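Only one chain is shown below, in structure tokens, and it's the form predicted alone.
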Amino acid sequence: MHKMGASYSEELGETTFSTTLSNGLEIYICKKKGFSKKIGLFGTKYGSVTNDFIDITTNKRVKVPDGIAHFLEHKLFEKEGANALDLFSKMGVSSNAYTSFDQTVFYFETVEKFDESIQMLVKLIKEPYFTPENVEKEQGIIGQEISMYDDDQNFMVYFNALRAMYQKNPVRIDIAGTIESISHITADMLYTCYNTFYSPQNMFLVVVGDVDIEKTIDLIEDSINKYEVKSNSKIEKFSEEEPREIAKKEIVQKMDIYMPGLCIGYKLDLCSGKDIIKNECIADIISDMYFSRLSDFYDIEYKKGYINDTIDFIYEGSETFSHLVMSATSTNIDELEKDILEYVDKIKFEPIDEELFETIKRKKIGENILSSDSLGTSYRRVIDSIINGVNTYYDVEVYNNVTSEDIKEFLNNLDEKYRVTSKIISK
């Protein structure tokens, strides 16, 4: 029997069980009774913003090129004489992976072959195969991917806003890096990053579905024990101190586009994991109250012909960055920008509409309850809680207890001094 913890949400009728293996690997199992599909995710607390750290094998400080975390994600799928995606596909199992600013996650979805999929997922992660030849080949593939995103309007308007906000933090760099930076990646560098950040004490394995808890943990432990020895080494990361001031007030880029794009960003103070989750929830409420299709502002801007789609209002944060971004496409981004900034100043100082706030709050609580029918929402909640070091259902608690004063405080922290604008316009 394993020593087990459990987080329970009465609202969602859902329990997530957790344990830590002797080698330090954290396991989370979100029990979803009656679901036929099962999802397994093997992740590491390592993403694109980490490129300066202590090599766990040599105990020496190293700096690696931008984009190496994403590059490593790609290369772990490649095995000697095979590709893990093809191996999963032959089993009739869907699989993929993603890299973000602060995590890399590999996952599968299956109905029937759960045990085999867990074993394959562990094999995927624990059998790296990097050679000078396959690294050089991947540089060309990822270089094409980077070029493709350079032509993506939504991608560029967002990252230009981050480049305007941040002077030093790697969050300002594309997660995939640049064609120049990935050209310096070597097989030895990949093994250095792998050995350091894919060590068990820095990783987590999440299962969502109707599974037997003890049998699943035993299956994971048996699969891991084929590879693992206990590691007590502490992961040490470094980052340049980011100035509070923004890098640039505005970035305007010309592209071949159908409709211009706008992104307004506010650089915010760093905060704890709990406050990161809270800020995400508060921004979600503000988005519905003031910028959704239900809002008066959206209706006015739509009738002016300035918008024909959503206005996004999203908070993002980690231990090294914190910001809010608002983005939209428009036939007249200069007028839309003017209207948004005037509107933000207005709602910062006017009283909160308590009836509207309570309505949106109840809506969000209801959406949380409905989200329990989604395995995807469940695993994202678990991973967010792992990365931020909070209870699995902390977001549910936030939505239940958030107040209009919290909304007002968040809005008041949107300081013009730390505001940036990114625009994509036609050539």
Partner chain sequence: MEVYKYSDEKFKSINISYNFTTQVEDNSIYSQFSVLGALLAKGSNRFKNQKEIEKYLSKLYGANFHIDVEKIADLYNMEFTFEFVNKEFLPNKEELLDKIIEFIDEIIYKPADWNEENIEREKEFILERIKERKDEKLRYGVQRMEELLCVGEPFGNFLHGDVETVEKIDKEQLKSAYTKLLNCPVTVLVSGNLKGYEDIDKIIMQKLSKYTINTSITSLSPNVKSNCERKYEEIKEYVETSQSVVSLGYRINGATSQDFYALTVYNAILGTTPSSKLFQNVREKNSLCYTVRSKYYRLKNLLIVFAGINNDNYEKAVNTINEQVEDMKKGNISQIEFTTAKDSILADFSEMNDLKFGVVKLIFTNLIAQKNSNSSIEELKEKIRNVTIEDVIRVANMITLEKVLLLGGGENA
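Numbering follows the first chain given and starts at 1. Please read all numbers here as calculations on a predicted model, not as lab measurements.
Below: the form predicted in complex with the partner chain, not depicted.
Checked against the partner chain in the predicted bound form, the candidates Pro351, Pro132, Pro243, Gly305 yield a single residue with a heavy atom inside 4.5 Å, and that residue is Gly305. For the candidate set Asp174, Glu109, Glu316, Asp284, a heavy atom within 4.5 Å of the partner chain in the predicted bound form is found for exactly one residue, namely Glu109. In the predicted bound form, the partner chain sits beyond 4.5 Å of every heavy atom of Lys63. The partner chain is not drawn, but in the predicted bound form it has a heavy atom within 4.5 Å of Ile141. Shown alone here, Lys427 lies within 4.5 Å of the partner chain in the predicted bound form, counting heavy atoms only. In the predicted bound form, the partner chain sits beyond 4.5 Å of every heavy atom of Thr57. By the 4.5 Å heavy atom rule, the three marked residues Thr331, Lys363 and Glu367 all count as contacting the partner chain in the predicted bound form. Residue heavy atoms within 4.5 Å of the partner chain in the predicted bound form occur in exactly one stretch of 244-252, 147-155, 99-107, 218-226, and that stretch is 147-155. Contact residues in stretch 252-288 (any heavy atom within 4.5 Å of the partner chain, taken in the predicted bound form) are Asp256, Ile257, Tyr258, Met259.
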